[in-house]
Every structure is written in structure tokens, then in C-alpha cells.
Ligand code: GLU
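Consider the single chain below, provided in C-alpha cells and representing the form predicted alone.
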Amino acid sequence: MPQKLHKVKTRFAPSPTGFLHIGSARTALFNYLFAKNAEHLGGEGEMILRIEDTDKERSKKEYEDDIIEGLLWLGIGWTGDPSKKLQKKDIGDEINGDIAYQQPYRQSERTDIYKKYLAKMIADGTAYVSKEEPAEAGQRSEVIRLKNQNKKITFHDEIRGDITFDTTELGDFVIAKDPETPLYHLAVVVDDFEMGITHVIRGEDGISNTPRQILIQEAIGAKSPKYAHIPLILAPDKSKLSKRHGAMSINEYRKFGYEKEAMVNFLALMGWSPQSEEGTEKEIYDMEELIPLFDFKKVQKSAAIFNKDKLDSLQNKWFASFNPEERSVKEKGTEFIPLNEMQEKIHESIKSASGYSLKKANDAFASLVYSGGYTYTDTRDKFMSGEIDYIFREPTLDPQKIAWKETPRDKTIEYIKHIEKILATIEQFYNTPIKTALWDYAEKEGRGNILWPMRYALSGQEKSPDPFTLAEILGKEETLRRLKNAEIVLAPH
């Protein structure tokens, strides 16, 4: 029997001054996994969602809504204010049995609690009202400052070991503008204490906040939680992650067709390694597999690098794992976002395409997004440039490119005929059944000999999505017709 742990209580505490981006979503996921891991080991685990909206000017309801929507989509559950339930209208269709439906705590609704602590600190002499020279006319001439003990503080970081700060350089720092307006550090410390937070898991940019918060903890008689500062996420060139490199809202990734399973998998592997006991290169993990594996010892100290190719690879692998019915529902039920701006060119393309309609074009683009590792933007750009025109028009084939490397033409014709024979027997013409039906033959004759001519015959390009995806997009009849055409092009005249 595993030893029962003490209760673990973490908190995800975003500021609603922006959308839920990659870094924040990963922080939420690590907090959730650590709490759930405590349950797995026989203890108690809980993650609180707390909206830190003390910045009244920059905090917006639309950002808070985006945070909640993103967490719900990812399947990251939380507890919040037990007196307030999330309504159906607040969470749409994202209801999941693992999600707690409480409204988050909001610091803007906890002012009376902060006032009580401020009053006591002033009475105890650990804080004082400071007369200030207003920087501008009309500004307050008083603030509340912490009386700094000017000492060295050492705290243990679960990832980085012991860290020491000399707090003398901080001076008597401001903790509230006035008794009604606490600043970030005071509100955070009071909330963590009041809510019984045992572990603070946040980005390494929060390390510099820790000495101030420990001084406030000592001033109010609060026990310090344990700290774990996770590495930042950087762009591929090691610069700060920007929107150009992928720092967009989690909900934007959702709109671009990424699966939540792929996104959770991707977030978990940025800065953390599961170190599979089997010693394999396993990289596909669902939430239930991640929970028992999560451990601070496996979190790296160096910065994580955002790798979109990795995300796209995980997207492909996850989507390929869905059964044909799931895939079909996801693809055919997806509205291709840039469709309107592309309609004029689409109409030009489908004029000569037998049986094509705007809806069928939408379904084809959606299939590329779900199966080909493309985003909506990638697909739009490739279509507008003519790179994926093969969706609507049979490509012109170069006979010199159909065969794989030095494979003789007559042998390649034999391979193509056998591919046709196999495909003709498939009733559910989806990616996975197509791949399953062909794979043994490809392994036997050489993958290049089978998969290369099939892909080239369907797309007319040396670089394209895999042939199984192409066949699904084109459909059985068109796939067989294009393979037959490749035979004719290769045949001696």
C-alpha cells in the first residue's frame, strides 16, 4: 500500500489581463497533475482556480471567460467559491464529469478579508501608513508599507533547490495603496493562507516575488507553502515566446482544429519528461496516464522550447488513434474558419471538379487540418498559392517521379495495381482502415515502393500529407481513378 500523503492543495491564479496562452495553460496543467497525483498515491489533492483581478484597470471579463473556457476544454478541473456555481450558460457544451462547476474565487470580491489583515498588521507594527510625496496632482499622499526586517531569506524550491535572497535591497515595499486597495503581494499571501495552499507551482519569473511574499507571510503569522518554479517557454531561437512563435490563446488553437488530447500531451512534455519505465520513446500520453507519472524531479531547470512541429506531430498521432466514426464526425462537423475569404478562388477551382460543392470543399479542408498537421492558416495559404489544388483537380503526373527511387516502371505498375485491389475491398474509407489494409503489403515490399507512388499519384507532389489522409479526402472512387491514371502514365507507349 502506498503511504498516504498529507493533503495537497495547489492553485492556478491567473490575472484576467490577457487570454489563456500556452505558458499559463501549462502552469494550470502542472498544478492539476500534481494535485491529482497526490490522490493517486492515496492522499488528497485539490486545485483551486483564483482570478487575481486586483488590477482593476486592465482586468476584463472577456479574459476571465477565455481562461475558464480554455480550462474546461483541456479537461483541467478545479474548485472555487463553494457558494457560487457555474451556470450552464457559463460553460456551454464543455461539461465533463471531471470538472468542478464552481465559480472561481475572485480577489475583487475579497476586499473585506484583506482590510482585516491590513488593520491587524498596522496594529501589530508589521506594516505602517507611509506619507508620500504625490508624483502628480490628485494622487494619494499615503500608502501602506511592510516594515522590512532586512534579513536574508532562504527557501527550498522543489525544482531548483535552496535559493537565498537578501531582502535589505527591497526596502519597506508598498503592500496596499490604501486600506481598500491591496496590492498583488499582500492579496496573494492572504489568499494562499486563508485557502490552505500547500504548494505554489508557477513560472520561474515568479522566483523574484517569493522573498516579498515570505516577509508578508511572517508578518501575518502564515506558514510558507512549498514552492516549485517551472521553466519558462521560449521561442525556437531562444527569444521570448511571442504570437509569431505560437504564444496565442489556447482557444485559438482549439479553433484551428487541434485536439485537446494533443494539446494536453504537448503542454505536459514542455519542460517535463515522464521517463517511461519501459525505456521506450513513448510520447503519447492522455491525462490519466500523466497523473501517476507527474513528479517535480522530472521537471527540467532549463527553459522549454516551443516546437510547433512537435505539436503537429502529436496532433496527427492523436487523430490517427480515433476510430473512423470519431474522425468522420470531427472532420465533417468542422467549419473551416477562413472559408469566406477563400470562396472566390474555391468557386474557380470547383468549376471543373466533378461532384464538388462548397460543403465538400469545407470537409476536405477540415480533413487536412485534422489529419495533415496543418492549421487553418497553413491550409488557407497552401490553397491560395495553389499547393493543394490537387483536392479539386487531378494532378499532371511526371512519369519520372511516380516510381520510388530506382524501382523499375513495370514493378511500380504491379505495386499500384495491387494497391487498387486492396483499396477496392475497403468499406469504411477512412485514414485508419486504409492504413491498416495497406500496411502489411508496404512492410513486405518496402514502404517507399508502396507509399511513395500512391501519394504522388494522388497529389502530384513530392511533399504532401500521407497517402492515407489523401485517400480519405479524395474518397474511394477518385482515389482509384487517380491510381489508374498513374498506371497509364507509367505504361510504355
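In this text, all values refer to a predicted model and were calculated from it rather than measured experimentally. One-based numbering along the sequence shown.
In what follows, reference is made to the form predicted together with the ligand, a form of this protein that is not presented.
Undergrad: Find the only residue in I22, A13, L483, L474 having a heavy atom within 4.5 Å of the ligand in the predicted complex.
TA: Flagged contact: A13.
Undergrad: Between E46, E69, E52, D466, only one gets a heavy atom within 4.5 angstroms of the ligand in the predicted complex; which residue is that?
TA: Going through each option in turn, the one that passes is E52.
Undergrad: Is it the case that R212, even though its partner is missing from this view, gets within 4.5 Å of the ligand in the predicted complex, heavy atoms only?
TA: No, R212 is distant from the partner.
Undergrad: Does the ligand come within 4.5 Å of any heavy atom of Y184 in the predicted complex?
TA: Within the cut-off, so yes.
Undergrad: I'd like to know if R106 sits close to the ligand in the predicted complex, meaning any non-hydrogen atom pair within 4.5 angstroms.
TA: Because no heavy atom of R106 falls inside 4.5 Å of the ligand in the predicted complex, the answer is no.
Undergrad: Against the ligand in the predicted complex, would R202 count as a contact residue? Criterion: heavy atoms within 4.5 Å.
TA: Looking in the predicted complex, residue contacts with the ligand include R202, since a heavy atom lies within 4.5 Å.
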